[in-house]
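Next comes just one chain, in structure tokens: the form predicted alone.
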């Protein structure tokens, strides 16, 4: 499967989502590669820092030019590909979504984050299935709860998984990921389930 992780707003957790999802996939026995399509190279920097600390990331992280995104399916080589995208390059976001089987639109709690996430859904996902993912969620925080209720009552599809705000997640940047995946393993299961359902619908239509 090919998963594009997107939002036109920065700071919502796209790179973290890519790297944690990749680790969840690896632990599930799946072959996985992270494609860093962001010119800032956040995923690559994460991987490079871990390698410099002699604790390399146990899956491949490679930088890709947007031309390669158009050939994603052909170069997937039987494994999963997670595409980390920049916030401010519409062409790269569009290419990544077009190449993907599914898009994960990441948003933090709060009006500005959600508004940009919904704009991203409207302008970039097209015919590619896409669901919103709420990150930085705090159960007892008003903004988190209000955002979650707003997403669930909207017309946009939303993952059931909510990723909590944890210092451990923030500290993991540039290092290998510890035992706790903080819900990203459940997100992986949801993504696989959505794609399985879509494939089953396609088979029945055929």
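Since we're looking at a predicted model, the values are computed, not measured. Residue numbers count along the first chain shown, from 1.
The next section is about a form of this same protein that is not shown, the form predicted together with a small molecule.
Colleague: Please tell me whether any heavy atom belonging to residue 25 falls inside 4.5 Å of a heavy atom of the small molecule, as the geometry stands in the model of the complex.
Modeller: Taking the distances in the model of the complex, the answer for residue 25 is no, it never comes within 4.5 Å of the small molecule.
Colleague: Any chance residue 170 has a heavy atom within 4.5 Å of the small molecule in the model of the complex?
Modeller: Although the small molecule is absent here, residue 170 would touch it in the model of the complex, with heavy atoms inside 4.5 Å.
Colleague: Check residue 136 for me: does it contact the small molecule in the model of the complex (non-hydrogen atoms, 4.5 angstroms)?
Modeller: Residue 136: contacts the small molecule in the model of the complex.
Colleague: Verify the contact flag for residue 166: yes if a non-hydrogen atom of it lies within 4.5 Å of a non-hydrogen atom of the small molecule in the model of the complex, no if not.
Modeller: Residue 166: contacts the small molecule in the model of the complex.
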